[in-house]
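Read the single chain below, which is given as structure tokens and is the form predicted on its own.
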Amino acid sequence: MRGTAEFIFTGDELLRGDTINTNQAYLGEGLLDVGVFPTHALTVTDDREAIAAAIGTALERRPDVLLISGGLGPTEDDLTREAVGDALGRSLVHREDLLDQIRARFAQLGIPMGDSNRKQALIPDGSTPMPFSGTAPGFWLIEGDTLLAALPGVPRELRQMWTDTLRPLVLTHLRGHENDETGVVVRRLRVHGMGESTLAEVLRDIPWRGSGVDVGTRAALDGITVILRAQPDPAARIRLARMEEQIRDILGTKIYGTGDDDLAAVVGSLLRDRGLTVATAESCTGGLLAKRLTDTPGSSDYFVGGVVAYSDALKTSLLGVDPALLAAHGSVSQEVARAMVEGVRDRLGADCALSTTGIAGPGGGHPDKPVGLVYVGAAIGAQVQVRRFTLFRTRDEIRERTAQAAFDILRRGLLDPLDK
């Protein structure tokens, strides 16, 4: 790492928990990728004095980069501009060019611009506005040795501003010229099918410490990402490539993609490459498999359709599940998951199929079949397998993890026959 950074996030909604702060994770990872290590992050209430004090305290530590997110809107509690001015002893100046851009944005959206939006054309003296995608201009300035930048709190707007403007600015500030080669070389390996603690044990046996390659992990609902970072010089690139090869050799097919690859999209690509189609039969996931598959443009090449059969009656009438099977084993069972996947495969005429049935909670469980019990069926032609899972956490998380498990079973089956 060649620099340090600090974050200040403003907003009562963040402190109350009404809004989850996803911006910190996004900016933190973005800064690491250009060689900047975040050392502090603070969330501050919508109070002008509190924000200004936080800015002053951060600047005393002289970070290379100080990012402030939120408080750039038109309302009375949007106070970042004023707080930056107070902390730096700079007055706010009206920028008519900014006001023209804000007017144009409202006209483009077909929404009348209110008088309150005029304050968004005010920025601290000596600062430079950043192009915006919403209606909140950001700005940046240099204070001492620190690049200070104010970004909107809306994640979509913040991310575009980071990508289009701020990332190059950070590189320029730290290295003196805009050149991505002065950042950090990053590889991300997307993993499914093992827990984070198990993966940590695997990585512990790889001699990456002191190699010039940093290795870390990030766990999420869609699996674990192994992140490798190294400086961009030729020798470091070679070490990173060797480290990646070692990890790939160990994890094998547990790696389903790289970068930001989505598992459902990876499955779609495998189906398209093999000229195969897929159908879905869903109970507990309520259409999530179909939704994930069709999130990818061009999914009509391989996705024929799906059936959400939540009730036993629809499992019988739409998927052909034998009522006697339901009576003997219950809808949440290996036998019913198999009947569902075979039924949707045959009735929709697909080459492959997936089925889900389970108890997503928070109620409905009992000792024999607790909340989180899920069965996933997968068919590739005549080959069928059913996997049993016991998942935890919230209803939404159980459903998301079920979908991810289903796609991974199909992915592995497409790479190797299911009966191996």
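Keep in mind the model is a prediction, meaning the values are calculated, not measured. When you see a residue number, it is the position in the sequence shown, counting from 1. By rigid core we mean the largest C-alpha set that fits within 1.5 Å across both forms.
Another form exists, predicted in complex with another copy of the chain; not displayed. Remarks below refer to it.
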Legend entry - another copy of the chain contact at residue 335 in the predicted complex, heavy atom, 4.5 Å: no
Inset, instruction - Using a 4.5 Å heavy atom cut-off, state whether residue 399 contacts another copy of the chain in the predicted complex. - result: yes
Inset, instruction - Give a yes/no on whether residue 362 approaches another copy of the chain to within 4.5 Å in the predicted complex, heavy atoms considered. - result: yes
Legend entry - another copy of the chain contact at residue 32 in the predicted complex, heavy atom, 4.5 Å: yes
Legend entry - Contacting member of 316, 299, 172, 165, with respect to another copy of the chain in the predicted complex [4.5 Å, heavy atom]: 299
Legend entry - Contact residue in the predicted complex, chosen from 74, 305, 155, 134 - any heavy atom within 4.5 Å of another copy of the chain: 305
Inset, instruction - Mind telling me which stretch in 115 to 123, 212 to 220, 250 to 258, 268 to 276 gets its heavy atoms within 4.5 Å of another copy of the chain in the predicted complex? - result: 212 to 220
Legend entry - Residues in 23 to 57 with any heavy atom within 4.5 Å of another copy of the chain in the predicted complex: 24, 25, 28, 29, 32, 37, 38, 39, 40, 41, 42, 43, 44, 45, 50
Legend entry - Core-superposed C-alpha of residue 299 shifting 2 Å or more between this form and the one not shown: no
Legend entry - Core-aligned C-alpha movement of residue 111 between this form and the one not shown, 2 Å or more: yes
Inset, instruction - Align on the rigid core first; then say whether the Cα of residue 359 has moved by at least 2 Å between this form and the one not shown. - result: no
